[in-house]
Ligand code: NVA
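Read the single chain below, which is given as structure tokens and is the form predicted on its own.
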Amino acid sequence: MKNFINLKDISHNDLRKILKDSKKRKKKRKNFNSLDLDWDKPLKGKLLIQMFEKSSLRTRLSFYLAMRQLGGGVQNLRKDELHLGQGGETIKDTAKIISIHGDIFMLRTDSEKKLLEFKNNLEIPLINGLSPESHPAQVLSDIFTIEEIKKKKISNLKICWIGDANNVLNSLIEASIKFSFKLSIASPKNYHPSKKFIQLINHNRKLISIFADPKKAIVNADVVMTDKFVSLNDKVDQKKKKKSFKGFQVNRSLTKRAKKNFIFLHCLPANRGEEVSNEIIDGSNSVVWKQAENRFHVQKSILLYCFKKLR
């Protein structure tokens, strides 16, 4: 049994195996319908239980399709449908019930503590579908998309992140270290990564740089990435935070400093006109829809990794 919780905990070799398997499976699904099963049905009879404590569109759909195409079934749970941590039922009790009925558990949570409690009490593999500190499935599928379109290993490319120091950036920092790619980060001084991730950056200065000026960070970038300046559940003064990000919008003026053939990624949903202009997200450099599509291809291989079924 293997968990998929943070990229830092998975070997580079295993991450590469996941990407290799994703490429093979995507190629073999050409001209398949959404619910056509993969040729080998490797997870026939297996049940994925998914629990969502936060809103989800892409993660919900992509893990559903991933498990169904591998031959398995899916059961979705919502926090408000359960006794989770209420009425005397502990997370340990909930984990026991999930382990009895399911074969693998995907959690999208608002609590790192809860993620750890499930990890310590489940008897089946756990996948982190998003937590406050990490979004590993998103970032691994982003790497797949970058290498697919650029036709180069990511270690030969410069990646630029412009925006808030959120869970996606945290996983991107871990990925930079695992895959040895140059990562340039631009965030306002008051919104730099947390102390834990600053320490990672400081220990990997040959790979990772952090700037308060996006014009410096984006120079010669092969890939430009961003996310919402204010996340859905941010407990902050939104007006004040958005004001701090003035000048950080990914737009035509800023991207003139990147390489001419740069590609633009955004994990979505996007606030058009805030962190990115319409001309960029809808322009020829944008690959956001391919990025969203690739989620389920990569997540299929993540599921197989957790079941120790990667060849």
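Residue numbers here begin at 1 and follow the sequence given. Because the structure is a prediction, the values reported are computed rather than measured.
Same protein, other form: the form predicted together with the named molecule, not shown, and the subject of what follows.
Although the partner is absent here, Ser209 lies well away from the named molecule in the predicted bound form, with no heavy atom inside 4.5 Å.
Taking the partner from elsewhere, Ser171 is found to have every heavy atom lying beyond 4.5 Å of the named molecule in the predicted bound form. In the predicted bound form, the named molecule sits within 4.5 Å of a heavy atom belonging to Leu268. Among heavy atoms of Asn121, none comes within 4.5 Å of the named molecule in the predicted bound form. Between the named molecule and the residues Ile159, Leu130, Leu140, Leu115, the one pair within 4.5 Å by heavy atoms in the predicted bound form involves Leu130. Taking a 4.5 Å heavy atom cutoff to the named molecule in the predicted bound form, the contact residue among Ser187, Ser184, Asn166, Ser176 is Asn166. In summary, the region of this chain contacting the named molecule in the predicted bound form, judged by heavy atoms within 4.5 Å and restricted to 90 to 98, 189 to 197, 223 to 231, 144 to 152, corresponds to 223 to 231.
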